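Quick setup: one chain, the form predicted on its own, written in structure tokens, and binding and motion questions come after.
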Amino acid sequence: MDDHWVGVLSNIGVMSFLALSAYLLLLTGEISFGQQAFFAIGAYAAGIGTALWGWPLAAALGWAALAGAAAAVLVGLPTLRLHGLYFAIATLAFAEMVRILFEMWRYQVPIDGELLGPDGADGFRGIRYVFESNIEPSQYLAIIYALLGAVLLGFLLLERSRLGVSLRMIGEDPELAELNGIPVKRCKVLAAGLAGSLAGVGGGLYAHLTTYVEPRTFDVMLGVHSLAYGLIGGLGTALGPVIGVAIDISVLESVRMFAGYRMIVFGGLVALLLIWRPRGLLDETVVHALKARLRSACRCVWMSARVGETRR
């Protein structure tokens, strides 16, 4: 496969973790403009793990997930008492605070005669684990999508579980959910922690994909895009945000001819899509219809097999 498209597909896979992070909170009815903060925490944590501490990639990604989850829970405990616009503004403020802190934070270690580590606004260079381990771009792409597949399988199991039903009930009507015995605050904090861990893993993968991160990467627009992914792809299933990421990145790639007007063109397309499909392409109605057709098709195949056995 062409290296350019390997890079594009890798970017889609990495950003899908951020999209699923925002989607998980959307299920609970909360709009977060701050998931890029946990993405940044995961990027720096994983980069430090491999570049400075000599950890293997798996351990560094685990550390990124743990750091993202811990930060999300610490933020979620006070802010999840807020609702709607207040919660959105609180998460945005936290994300900007994290970005500014990374612009001031320096933690460098001499390795092979070179200073490596976060260097404030100049960013964090030298995250070379993938290259030093002779991992080809296509192999790293496979790692990204293997992890993404595992996460999507987890979402499939979640949606069929009692917790998944509870999260959707909370998103529809938190007061009614609480009256039905669902611990709303506990579920929201758990969802925030899981969302933070997803963003942390995505950030860790991103840092090792680009080998360099800087605070300005994790700005407000990244948070806006993380929300837009789910709204474009659809809120009926976890595949929706992934489709949203693919549409976002592929459209941005295809309108490079518009140079500085790319975001204007993309924003216009997104606005038209949301007018046409307010809850995205794969909304709840479409998902239910697809599931009904799939069940019908499976039933027809089963009946055909039974008829064939009877004739034999």
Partner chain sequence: MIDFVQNTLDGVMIGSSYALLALGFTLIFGVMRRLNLSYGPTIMIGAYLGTLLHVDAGAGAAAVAAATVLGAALAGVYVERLCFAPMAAGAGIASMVSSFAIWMQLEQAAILVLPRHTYAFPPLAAGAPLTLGPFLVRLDHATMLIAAAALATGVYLVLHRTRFGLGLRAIVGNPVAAHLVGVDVRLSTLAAFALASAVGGVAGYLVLAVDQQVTPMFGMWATFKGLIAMMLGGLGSIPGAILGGLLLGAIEAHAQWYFGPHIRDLVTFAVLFLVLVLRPTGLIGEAPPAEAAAYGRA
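Residue numbers count along the first chain shown, from 1. Predicted, not measured: the structure shown is a model, and the values here were computed from it.
Same protein, other form: the form predicted in complex with the partner chain, not shown, and the subject of what follows.
Trainee: In the predicted complex, which of the stretches 202-210, 223-231, 133-141, 110-118 has residues with heavy atoms within 4.5 Å of the partner chain?
Mentor: Contact-bearing stretch, as computed: 223-231.
Trainee: Each of 48, 59 and 124 near the partner chain in the predicted complex, meaning some heavy atom within 4.5 Å?
Mentor: Heavy-atom distance to the partner chain in the predicted complex: none of the three under 4.5 Å.
Trainee: In the predicted complex, does residue 75 have a heavy atom within 4.5 Å of the partner chain?
Mentor: Output for residue 75 is yes: heavy atoms within 4.5 Å of the partner chain.
Trainee: Evaluate residue 26 for contact with the partner chain in the predicted complex, applying a 4.5 angstroms cut-off between non-hydrogen atoms, and reply yes or no.
Mentor: Contact check for residue 26: yes, within 4.5 Å of the partner chain in the predicted complex.
Trainee: Do residue 171 and the partner chain come within 4.5 Å of each other in the predicted complex, heavy atoms counted?
Mentor: Residue 171: yes, in contact with the partner chain in the predicted complex.
Trainee: Residue 96 versus the partner chain, in the predicted complex: is there a non-hydrogen atom within 4.5 Å?
Mentor: Yes - in the predicted complex, heavy atoms of residue 96 and the partner chain come within 4.5 Å of each other.
Trainee: Using a 4.5 Å heavy atom cut-off, which residue among 156, 146, 101, 179 comes into contact with the partner chain in the predicted complex?
Mentor: Selected option: 101.
Trainee: Since the partner is left out here, which residues of 68-87 would have a heavy atom within 4.5 Å of the partner chain in the predicted complex?
Mentor: In sequence order, 75, 78, 79, 81, 82, 83, 84, 85, 86 come within 4.5 Å of the partner.
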